[in-house]
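Quick heads-up: it's one chain on its own, the form predicted alone, in structure tokens.
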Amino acid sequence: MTTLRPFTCEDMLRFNNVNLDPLTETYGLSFYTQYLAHWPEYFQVVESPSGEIMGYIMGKAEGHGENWHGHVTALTVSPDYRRLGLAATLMNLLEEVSEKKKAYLVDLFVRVSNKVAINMYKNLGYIVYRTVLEYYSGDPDEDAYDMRKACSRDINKQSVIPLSHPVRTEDVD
């Protein structure tokens, strides 16, 4: 049976099969441990019956006032386990945590070239709020979509009214 459980330090020694995907943003171990220490409820893993990590989500709560929100820092599923609904399950979990924390919205950044992920997020109710120019470094740098979904606290859905113009990374709050 597939298990959804909190991410642990030991998982950092076992998640290379997921992190080696070219569309997965990877970070240093200290970054993962910082998230694990500060926002453990936002850091979850899906594990196969054999103990293999199938995917994980890492996020946090941030902002102030009406910008208080849940943020998806990383969501990834191993290529062997895609199209099984695991990403949607992980997103729903993060949204539930954000609702409990009285967030106004959940947001995430995704490469504009990652059409599969963009379509998945749209199917989960996310909208493209704005384009962030040159968000992802590379050769060349790549733009990102800031995608958002309002939580129940945002009764009038003010947090998901799209901007009409792109922004630069230094303008992202």
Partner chain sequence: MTMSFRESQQLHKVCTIYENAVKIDTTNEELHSHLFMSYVRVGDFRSQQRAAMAIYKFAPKNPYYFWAVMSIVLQAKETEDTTKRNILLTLAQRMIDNFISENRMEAEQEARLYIMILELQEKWEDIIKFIESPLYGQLIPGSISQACIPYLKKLGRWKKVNILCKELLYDNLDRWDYYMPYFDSVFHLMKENSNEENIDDTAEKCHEFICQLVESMSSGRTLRGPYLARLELWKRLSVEGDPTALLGSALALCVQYLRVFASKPCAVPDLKVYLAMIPQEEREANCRDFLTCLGFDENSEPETMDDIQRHISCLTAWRLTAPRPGTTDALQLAATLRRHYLRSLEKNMIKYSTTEFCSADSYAILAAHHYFYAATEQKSSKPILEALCLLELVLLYSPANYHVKLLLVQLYHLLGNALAADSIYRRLELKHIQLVSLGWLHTARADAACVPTRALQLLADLRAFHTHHAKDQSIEHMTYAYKFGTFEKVVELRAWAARLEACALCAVSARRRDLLALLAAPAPPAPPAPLHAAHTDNRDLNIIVNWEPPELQDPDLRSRTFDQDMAYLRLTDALLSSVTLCTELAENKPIEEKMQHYEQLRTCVDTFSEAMEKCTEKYCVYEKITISGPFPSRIIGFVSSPVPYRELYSITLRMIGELSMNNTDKVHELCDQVVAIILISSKLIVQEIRYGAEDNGWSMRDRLESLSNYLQSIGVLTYLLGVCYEMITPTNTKKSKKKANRSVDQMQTIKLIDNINVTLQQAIASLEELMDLWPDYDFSVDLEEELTRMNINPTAPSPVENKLKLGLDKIIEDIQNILKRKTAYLKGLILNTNT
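Positions refer to the first chain, counted from 1. It should be emphasised that the depicted structure is a prediction, and the values quoted were computed from it without experimental measurement.
Below, we turn to the form predicted together with its partner chain, even though it does not appear here.
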Considering non-hydrogen atoms and a 4.5 Å limit, does its partner chain approach E25 in the model of the complex? yes
Might T33 be said to contact its partner chain in the model of the complex, defining contact as any heavy atom within 4.5 Å? yes
Verify the contact flag for G138: yes if a non-hydrogen atom of it lies within 4.5 Å of a non-hydrogen atom of its partner chain in the model of the complex, no if not. no
My question is simply whether D154 lines the interface with its partner chain in the model of the complex - judged by any non-hydrogen atom within 4.5 Å. no
Answer among 25-33, 142-150, 126-134, 60-68 for heavy atoms within 4.5 Å of its partner chain in the model of the complex: the stretch 25-33
Which of the residues spanning 75-104 lie within 4.5 Å of its partner chain in the model of the complex, based on heavy atoms? S78, P79, D80, Y81, R82, R83, L84, G85, K100
